[in-house]
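Here you get one chain, nothing else, as structure tokens; it is the form predicted on its own.
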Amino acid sequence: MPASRRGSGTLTTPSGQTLAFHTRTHDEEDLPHATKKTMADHLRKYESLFTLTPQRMRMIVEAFKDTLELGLQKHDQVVPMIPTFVFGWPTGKERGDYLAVDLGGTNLRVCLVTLQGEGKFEITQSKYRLSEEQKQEDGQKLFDFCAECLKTFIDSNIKEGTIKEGQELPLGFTFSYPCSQERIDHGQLIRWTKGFGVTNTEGRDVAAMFIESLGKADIPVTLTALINDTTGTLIASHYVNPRTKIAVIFGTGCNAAYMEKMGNVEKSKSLGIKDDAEMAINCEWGAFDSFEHEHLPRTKYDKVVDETSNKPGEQAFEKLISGRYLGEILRLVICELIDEGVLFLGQNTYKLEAPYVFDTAFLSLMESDPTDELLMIIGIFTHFFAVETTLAERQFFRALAMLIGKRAARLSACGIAAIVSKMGYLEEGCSVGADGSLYNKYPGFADRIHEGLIDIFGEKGKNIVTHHAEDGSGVGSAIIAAMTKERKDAGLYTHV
């Protein structure tokens, strides 16, 4: 059999045994396609594609601001700017025991949070694994499981004395799937994400379904608030650090939340809430620039990622910056260079050809300690993809990973800057509570966000500081349950 277009092939021995072969040599002098000069020439091309200038960033910020404003004015916008019915900031004086249930993509987490005031708290929690079957079966069965886990957790804590027998506790339910809300304890599921395909749920009130399951299990709780994890992150971070005005999540997806005066939320005027009242807004900003694609610097690789995704045209901002996609962007560049005969000539590269096999975690490893990263790159390519690399290739891969990661961080800074600019936070400055795997684990991601803010705002950009956020889906959910109980006990906006 002749060699393939990538210089690999097989031959059959006289005994009938099939052997794979390649002609790669370790001697870089025999590999002009992999020399330092050639790789440097290619790198310059990708630098021009993936580099975001300060001027371009400022243009994106202005377009982002306009999009946020439009989402506040009208329903059914690309960036929906969802009212959360979480009114105002925590005082820091919230006290008492609260339960939180967090239905995530992999686990169900149940927490007992004791708020101690002065920004302090204690948390006890248990995790329960969700099976793949549970992610696809009937919706009521899923909520029955949630209720059973909560009952198990409560019974266990009664035995340990942390919950009193017969004590009825307020419950915050973190449900981080797109919902339309008309009040704090209601949420109509728009669609499942994160691989869920649970039936008989979309279009229904998930809070009511969970309350039904709680009743069947005879659990002494009151479901006080249904929240998104980004909103919880905003409130939990402010509880601990009152300078926090914005919360962001940069992980598998991306999102932001902040506090808005209701007088600016034109689409919610019919609720009868005073203009000077403040409410947390769940931006769902991963959809920025979807469909029209007028503002974001999409390369041909980004377009392939979009067109081959399960929702083409949607979540345009998220597809440039979230952990779900960065590894795939790098893989597409590598495959293009393989096809052009630049990389891995003479080697079998089929393992690199499957979409999403190049995990974003690999990019993170490539940007780790500079004394180890080239060895790390050898390990990634030999262990996972069975290909050998030259020194010039490894240096190129590291530089390319840095370009893609840096662009993601600088675009993230554009989103933060849009809210800062819209709300007038630049002069006095503010803290931004940030969470998610990219922010927490990707080397240099936070520093690059800060550099991006300075490029956008000049030296005043130093007034905006991100910090690791508090646990929004646990602690934040409990604080919101406490705030909601206090609000309704005081007779304030009880209809929402």
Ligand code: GLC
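From 1 onward, residues are counted along the sequence shown. Predicted, not measured: the structure shown is a model, and the values here were computed from it.
Below, we refer to the form predicted in complex with the ligand, which is not included among the displayed structures.
**Q.** One stretch from 269 to 277, 354 to 362, 314 to 322, 420 to 428 that, in the predicted complex, holds residues within 4.5 Å of the ligand by heavy atom
**A.** Contact-bearing stretch, as computed: 314 to 322.
Q) Is there a non-hydrogen atom of T193 within 4.5 angstroms of a non-hydrogen atom of the ligand in the predicted complex? A) Yes - in the predicted complex, heavy atoms of T193 and the ligand come within 4.5 Å of each other.
Q. Does the 4.5 Å heavy atom contact test between S176 and the ligand in the predicted complex come out positive?
A. S176: contacts the ligand in the predicted complex.
Q | Interface membership of T244, the ligand in the predicted complex, 4.5 Å heavy atom rule | A | T244: no, not in contact with the ligand in the predicted complex.
Q | Proximity of E393 to the ligand in the predicted complex, heavy atoms at 4.5 Å | A | E393 lies outside the contact set for the ligand.
Q: Would you mind picking the one in N255, T224, S237, S412 that has a heavy atom within 4.5 Å of the ligand in the predicted complex?
A: The residue from N255, T224, S237, S412 that makes the contact is N255.
**Q.** Contacts with the ligand in the predicted complex, stretch 112 to 128 (heavy atom within 4.5 Å)
**A.** Residues within 4.5 Å: none in this stretch.
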